[in-house]
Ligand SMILES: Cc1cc2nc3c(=O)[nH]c(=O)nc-3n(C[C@H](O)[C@H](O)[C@H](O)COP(=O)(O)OP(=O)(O)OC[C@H]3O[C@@H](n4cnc5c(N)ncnc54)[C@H](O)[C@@H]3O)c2cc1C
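The data below hold one chain only, encoded as structure tokens and taken in the form predicted on its own.
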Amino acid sequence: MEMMEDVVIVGAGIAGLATAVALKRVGVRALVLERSEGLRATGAALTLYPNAWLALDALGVSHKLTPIYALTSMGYVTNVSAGDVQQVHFRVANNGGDGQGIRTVHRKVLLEALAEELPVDSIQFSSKLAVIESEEQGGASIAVIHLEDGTTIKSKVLIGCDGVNSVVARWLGLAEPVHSGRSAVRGLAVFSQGHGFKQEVHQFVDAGKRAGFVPLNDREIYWFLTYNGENMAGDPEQIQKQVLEKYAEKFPSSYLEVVRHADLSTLTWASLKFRQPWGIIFGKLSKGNVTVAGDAMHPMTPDLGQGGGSSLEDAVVVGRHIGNSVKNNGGLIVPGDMAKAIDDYVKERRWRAAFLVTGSYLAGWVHLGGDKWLVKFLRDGIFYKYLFGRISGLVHKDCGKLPAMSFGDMDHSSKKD
């Protein structure tokens, strides 16, 4: 079977769904191909900083989430070995909207909020990408996508949002992500009678380890552990046991109690990878009408909490450039002009992505650096004391708005040349 589409997005994660929503807002229908049988919510929850909420505002989705999740404005960082506790105040963006603080949300709820904005036939599940090719048509290059089930899809634009091990990124020639030498365990804790914690972040640092938790609501808490090393094998129950008995045995009882209440169905372990920043700065992030977004472009460690936020930024920026092209061409997707729109998107995102990847890696190095006096001074004396609470300001960026489209533009944007 052969199909023709205006835009194909590979991957129905945060980046893929958000990009499809951005394109819908500018009158462009996108087909989202997802290899799984349904929406995946690996990671249980994520923290969204002001830049992410600005992007969600632009996508018209933030109003679904802000009534559900409370702002977090304060936290505590405990040095497990020394017993010192530092209070941290998180800076909140002051340019309007009470959504522009820090909120931790269920990943599944975010995905569903995005998916609800799309037509029911926009996401095609169980669609496994096999081969990507390009061919000339009418003097312009189009992408040809072959699926494992034999389906062939021709598309004027192809956007790979297919994660750390992106097939699209590999086709573009981007270097493979590298291991950071760190791993993470994440999960949700459920207290059926309520947990009693205030809406605050609690973090705990020790030699080569960092852990923490933050409430999602009165009964659920998102918790994590990152550490230097690999190989925490086993099923969720075994991983929980290793966290309690090997990695966090000296951590405060409040953290241990949270881990004991883990919903094992949400518990995951992952080796943390990132794309080296020079691979982003000098790498081929696009080729004609093909590009990448989210983890497919800039996988990063979670130490700045910017994986989800940067993906949402990508979606708005690529939607803006494609939308402007459609608007300037009378509501039509013109393949020849799409290459310039994609190139402009890459130029806007390249340095921002490299900055976030670098900052995340360095923040992790400070977090997990160990007990050497210099690292302890940088971590406890400078990072947590002066910088940690200002992280939201350091990474804050308004990715802009989507172009306003007339009804005529939106009615005609799906026409083929």
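Residue positions are given as counts along the sequence shown, with the first one as 1. Computed from a prediction, not measured in an experiment: that's the story for all the values here.
Although not depicted, the form predicted together with the ligand is the subject of the following passage.
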Exercise. Does every residue of Pro277, Tyr345 and Gly359 put a non-hydrogen atom within 4.5 angstroms of the ligand in the predicted complex?
Worked result: no
Exercise. What stretch, of 290-298, 239-247, 252-260, 67-75, brings heavy atoms to within 4.5 Å of the ligand in the predicted complex?
Worked result: 290-298
Problem set entry | Partner-contacting position among Phe204, Phe90, Tyr227, Tyr222 - heavy atom within 4.5 Å of the ligand in the predicted complex | Tyr222
For this session: Taking 4.5 Å between heavy atoms as the contact cutoff, choose which of Ala341, Val167, Ile123, Ile102 touches the ligand in the predicted complex.
Result: Val167
Exercise. Any chance Gly331 has a heavy atom within 4.5 Å of the ligand in the predicted complex?
Worked result: no
Exercise. Looking in the predicted complex, any heavy atom of Arg107 within 4.5 Å of the ligand?
Worked result: yes
For this session: Answer with yes or no whether Gly307 is in contact with the ligand in the predicted complex, where contact means some heavy atom within 4.5 Å.
Result: yes
For this session: With heavy atoms only and a cut-off of 4.5 Å, decide whether Val21 touches the ligand in the predicted complex.
Result: no
Exercise. Taking heavy atoms and a 4.5 Å limit, what residues of 152-176 are near the ligand in the predicted complex?
Worked result: Cys161, Asp162, Gly163, Val167
